[in-house]
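What follows is one chain in structure tokens, specifically the form predicted alone.
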């Protein structure tokens, strides 16, 4: 069975009507669309074909039809036309309270919840690569050294290491100099065996100390802390009858409170992001990674602060979400954020 132009128009009419009303859509309702000019009987036949093809469902025997996940997916992939959403006051709203990055991200979450009427979440950025910016080793007592490592994103890590014998102050000064001149600006991959051997040769009898220090540096470069996630508008979910069932709503809102649920999803992109795209993705129903979101749709976008520094924005709503508005708003928002981050 072929999905011809007429079936596509009827499917589009069903989806748009269901997005507006939240109620199953019948052939009589569709026949009122002036651009279709089809009889109720013809529409009923086409709707039967669409149901057989899996694009719409009949929730009750005598009821109209609602879109299936497959129908929503077709709508998103082939019928969605980008809309320019007016976000003229967005920049002023954000920057009014945004002295720091976390302020900006909180404002973004609030703005999206208010303007889409859905629930939103924004992850703080993660760093795809980390480079050594500065290393400082200090003697605490004869058996311990304090290693302070500063990365190029200004993350500071402190680690105490135990030594078998006291390291003289002169050697600590030398070690600091060698480590900083050799490792400055390098990431984990670039700290290879040749460099390690070179450092050990320069430090002579302190090879064991070098091993301990380099072990700390290596662990610091690969450690990945879960970023903060800012949420807003979780109670917007209750506005949609299909999600307001007591147990269902509790699961969804509970997922927002348990932010760990979204860390793997709103983390780094799986691949290097092109500079001219924000990697907008739409997840419908069972495509969602979070079990409690199987009755929802989620639209995500990736923002970039600078090369290698990424975060994600997610908007959650019912499967009858107004995808046009959400994608349009995200596109406009991401353009505004690009300008804001370039100036910071």
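Positions refer to the first chain, counted from 1. Keep in mind it's a predicted model, so treat the numbers as computed, not measured.
The form predicted in complex with the DNA exists for this protein as well; it is not shown, and the discussion that follows is about that form.
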Three residues, 280, 294 and 317; all within 4.5 Å of the DNA in the predicted complex via heavy atoms? no
Taking heavy atoms only, is residue 38 within 4.5 angstroms of the DNA in the predicted complex? yes
Distance check, residue 47 to the DNA in the predicted complex, heavy atom within 4.5 Å: yes
Please check if residue 63 has a heavy atom lying within 4.5 Å of any heavy atom of the DNA in the predicted complex. yes
In the predicted complex, residue 26 touching the DNA (heavy atom, 4.5 Å): yes
May I ask you to list the residues of 1-23 that have any heavy atom within 4.5 angstroms of the DNA in the predicted complex, in sequence order? 6
